[in-house]
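Shown below, as structure tokens, is a lone chain in the form predicted alone; questions about how it binds or moves come after it.
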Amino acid sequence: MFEKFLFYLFAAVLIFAATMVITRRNPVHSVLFLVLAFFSSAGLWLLLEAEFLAVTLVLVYVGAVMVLFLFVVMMLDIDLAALRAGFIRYLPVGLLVAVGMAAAMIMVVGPRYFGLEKYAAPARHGAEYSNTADLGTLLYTVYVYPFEIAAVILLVAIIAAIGLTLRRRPTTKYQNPSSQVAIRRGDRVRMVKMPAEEKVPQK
């Protein structure tokens, strides 16, 4: 009974935070509500006995990605008036998409096709059980080929992103470390010998 109460509590907080993310006019507030949504999702993962995924969600997304997003949003000069105008303009389309997504989710995970009546609850594990070791064993044995394919796809995406954003401008000055290391003293310093000047006696 208490577990069900926690599930509905985390689910309600998650839905509320997700709604606030897309309805807040201040981007900083949206990012903070997104952090709350991640914490609620981590709570749901804990109820499913997926402690590794919950801790990873908090450490990676809340501790790194969302902090980066928050700093980027705070440093950018965002025109809030334009955001508000765009929100009102695309509100009907957004509501239509939201209704369609909700209908699709109800059809897939509704009580007719999903629930404890269709799928039994996961078995409880003892204190010595480690889902981190179990997840690693599955990734590197049963799902090793999909894991490697996903890694290659991510590598290609990183290379493509670097290639698309790399801009070489002719006016930009670049340093060549190899030429700097191979430089000689004669190329930079020139010794000039000049005769000493005699002081002119003052009259």
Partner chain sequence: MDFVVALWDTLNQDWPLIAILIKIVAILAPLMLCVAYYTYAERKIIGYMQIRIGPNRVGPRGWLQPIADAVKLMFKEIVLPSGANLFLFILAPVISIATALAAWAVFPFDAHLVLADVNAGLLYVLAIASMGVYGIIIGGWASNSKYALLGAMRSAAQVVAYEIAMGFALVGVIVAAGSLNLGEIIRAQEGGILHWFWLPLLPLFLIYYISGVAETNRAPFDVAEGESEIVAGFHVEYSGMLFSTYFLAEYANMLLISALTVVLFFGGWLSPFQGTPLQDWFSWVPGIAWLLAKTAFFAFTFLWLRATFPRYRYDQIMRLGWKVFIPITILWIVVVAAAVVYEAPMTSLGTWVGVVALVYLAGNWLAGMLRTR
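Residue numbers count along the first chain shown, from 1. Predicted model, so just to flag it, every value in this text is computed and none were measured. We call the rigid core whatever largest set of C-alpha positions still superposes within 1.5 Å between the two forms.
There is another form of this protein, the form predicted in complex with its partner chain, and it is not shown here; the text below is about that form.
Taken together, the three residues I15, S40 and Y145 lack any non-hydrogen atom within 4.5 angstroms of its partner chain in the model of the complex. Think of it this way: in the model of the complex, its partner chain has a heavy atom of just one of A161, V152, L139, L59 within 4.5 Å, and the residue is L59. Using a 4.5 angstroms threshold between heavy atoms, V67 counts as touching its partner chain in the model of the complex. Its partner chain in the model of the complex is approached by Y129, whose closest heavy atom lies within 4.5 angstroms of it. For the chain shown alone, E51 is a contact residue for its partner chain in the model of the complex, at least one non-hydrogen atom being within 4.5 angstroms. Of the heavy atoms in L47, none are within 4.5 Å of its partner chain in the model of the complex.
Shown without its partner, the chain has N26, V28, H29, L32, V35, F39, E51, F52, V55 in segment 25 to 56 as residues with a non-hydrogen atom within 4.5 angstroms of its partner chain in the model of the complex. Core-superposed comparison between the shown form and the other one: the CA of P146 stays below a 2 Å shift.
In this overlay on the rigid core, G136 has a C-alpha that sits less than 2 Å away from its partner position between the shown form and the other one. Superposition of the core reveals a Cα shift of less than 2 Å for T23 between the shown form and the other one.
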